[in-house]
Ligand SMILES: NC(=O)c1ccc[n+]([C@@H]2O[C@H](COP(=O)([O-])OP(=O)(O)OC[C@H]3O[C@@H](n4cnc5c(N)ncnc54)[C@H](OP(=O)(O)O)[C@@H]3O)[C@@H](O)[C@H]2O)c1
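One chain follows as structure tokens, the form predicted alone.
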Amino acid sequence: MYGTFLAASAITAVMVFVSLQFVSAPYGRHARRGWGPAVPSKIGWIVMEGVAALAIVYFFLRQHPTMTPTLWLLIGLWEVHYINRSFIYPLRTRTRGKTNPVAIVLMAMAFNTWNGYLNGHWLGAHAADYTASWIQRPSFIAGLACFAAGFAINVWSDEILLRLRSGTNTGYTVPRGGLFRFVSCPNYFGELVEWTGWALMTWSPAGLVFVLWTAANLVPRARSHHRWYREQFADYPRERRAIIPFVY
């Protein structure tokens, strides 16, 4: 059944990508009425992202794997990303008065649980493959470099966005500096690079499906952000792309 779940997840990701060409998820700058009850944005973010940090550990340990340095490193990198995304980042944001629809929070929780299952189950079931020598594979080395670069881009870009709202400024302004010179959403670009690195490090279909889902969610949202910036700011830099420098 696991193979069927992977295939179904990949197909669903394509369907989500197509649907998001026509509608933007209603949170953040794209928030709108009509999506039912909502919770404070900060709480919703912590809950829906925090699930990912727990799910992979639970489904991984269910396989009773024998731990190796490679597995410790892989799980550790996943946790570093999601601890930052679930707790450090949202607790630093200025989101007073902003909310996320409960429906969006529940959908994100469902995805993060499912994604944690796919990746945790794979690592646990194939734990014997991830020996200490696995980290010497060219794919692992390349993947680790991608993951580190993507994480750095993500944190750097988040820092620029957070500084825009320092002091009394709580509105939207044009971000500048870093990779914002080239794209409207370098934080999303960083996540794409990160999870591409994860797929390379694990060399797994679960990792590949995660990259597909990341692109399905973030590429359309980056395009929506890019369009929004151009509509809101007449002087918005025309040379910027949406998410991939010089490409898209």
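In this text the structure is predicted, and so the values were computed from the model without any measurement. Residue indices: 1-based, along the sequence shown.
Another form, the form predicted in complex with the named molecule, is not on view; read the next lines as being about it.
For Tyr172, a non-hydrogen atom is located within 4.5 Å of the named molecule in the predicted bound form, even though that partner is not displayed. Although the partner is absent here, Thr113 lies well away from the named molecule in the predicted bound form, with no heavy atom inside 4.5 Å.
Though the partner is left out of this view, Arg165 does reach within 4.5 Å of the named molecule in the predicted bound form, counting heavy atoms only. Although the partner is absent here, Thr70 sits far enough away that none of its heavy atoms falls within 4.5 Å of the named molecule in the predicted bound form.
Contact check for Asp129, Phe140 and Thr202: none of the three has a heavy atom within 4.5 Å of the named molecule in the predicted bound form. Listed residues Trp78, Tyr89, Phe147, Trp122 were compared with the named molecule in the predicted bound form; Tyr89 is the one with a heavy atom within 4.5 Å. Shown without its partner, the chain has Thr214, Asn217, Leu218, Arg221, His225, Tyr229 in segment 212-248 as residues with a non-hydrogen atom within 4.5 angstroms of the named molecule in the predicted bound form.
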